[in-house]
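First come two forms of one protein chain, each written alone as structure tokens, so that there is a structure 1 and a structure 2.
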Structure 1
Amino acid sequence: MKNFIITIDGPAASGKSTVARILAKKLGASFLDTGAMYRAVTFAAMESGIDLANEEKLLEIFERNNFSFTVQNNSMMVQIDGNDATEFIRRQDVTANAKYIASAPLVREKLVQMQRQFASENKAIVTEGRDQGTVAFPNADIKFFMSAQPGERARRRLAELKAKGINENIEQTQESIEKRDKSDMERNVGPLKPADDAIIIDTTELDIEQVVDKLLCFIREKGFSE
């Protein structure tokens, strides 16, 4: 198998995480779940009781804690100081507070270093996020940028929330998504945008299987196949 890095960037609820996980499995590659990294640092910061808006204190989290990320059964396993935190980082309060980590420039630099370290330890990876093709891996072999209309993304996210027993209406969900989009696009470091050489995929009218097939066509054209 060839060594490669495939990046998939895009806004919230565009389907990139699900697609990246499926692609990694089909290609025999490791799935780099950048969201898990952000949540891991967020969880460690919350557990320490620091002010999440204080970037200097957030940077100390990297000195006080040892983070380990491995892939098992196509899922990222997270350890903090030797303790399994894989389930804890998925809590709703952790997800809500990850915005502080994402908006701290120096902290993002640390996370990019962690992402590149992960890539150096795995021969082939599929990674997803918001700045993977523009900042973390500007020399990636293939770059995708996935998006969909806000209304469709809100519908998808609402279905996810309901499956978890979280009650919300479509208006609240779409407002939350559009607010996140604005924050991601306007931040100074690693803003959400397609790389100049990214392949743009609009998933509004496509289901997951169709998106995966479409990306696989481009991947095969580049000389990589499952």
Structure 2
Amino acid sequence: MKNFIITIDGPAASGKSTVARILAKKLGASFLDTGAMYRAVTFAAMESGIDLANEEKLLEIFERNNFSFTVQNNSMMVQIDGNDATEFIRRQDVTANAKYIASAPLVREKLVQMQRQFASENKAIVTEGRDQGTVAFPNADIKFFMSAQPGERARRRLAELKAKGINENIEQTQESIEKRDKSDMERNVGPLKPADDAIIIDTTELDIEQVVDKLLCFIREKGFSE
């Protein structure tokens, strides 16, 4: 297998995480969920009770806490100081507070460094997030940008929440997705946007399998899969 870096960026609930995970498995590559990294720092910061808007304090989190991101059964496991935080980082209050961590330039720098370190330790990776094709891996072999209409993303997120026993209405879900889009697109560092050379995939009308097939066609064309 050739070495490669494939990036998948896109807004919340666009399906990029599921697609990245399936693709990585099919290609025998490692999967990196960079949102989990932002979430882990957010959770650790919340636990320590610091002011989330204070970047200096946020940076101290890296000195104080040890983060470990590993892939088990093709999903991202997060440990903070040896304790499993995989479930906690998906909490809704963590989701809402991640914007503070995502807009802190020096924190982003640290996380981008960790992402590059991960890439250097793995031969082939599929990495997903918001800035993977633009900032973390501008020389990636293939860059995708996945999007979908907010209404469809809200419907998908609602189904996920329901499966976890959380009941929200579609308006609430769509509102929080649109809020996240706005803060992701408007931040000064690593904003959500497609790289100039990204392949844009609109998944509004597609199911996961169709998206995976579409991406695999491009990957084959580039000679990274049979």
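Because the structure is a prediction, the values reported are computed rather than measured. Throughout, residue numbering runs from 1 along the sequence of structure 1. What we label the rigid core is the largest C-alpha set whose atoms superpose within 1.5 Å from one form to the other.
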item: Chain form predicted alone: structure number out of two; value: 1
item: Rigid core superposition, Glu175 Cα moves 2 angstroms or more between structures 1 and 2; value: yes
item: Displaced residue check between structures 1 and 2: Leu158, CA, 2 Å or over, core reference; value: yes
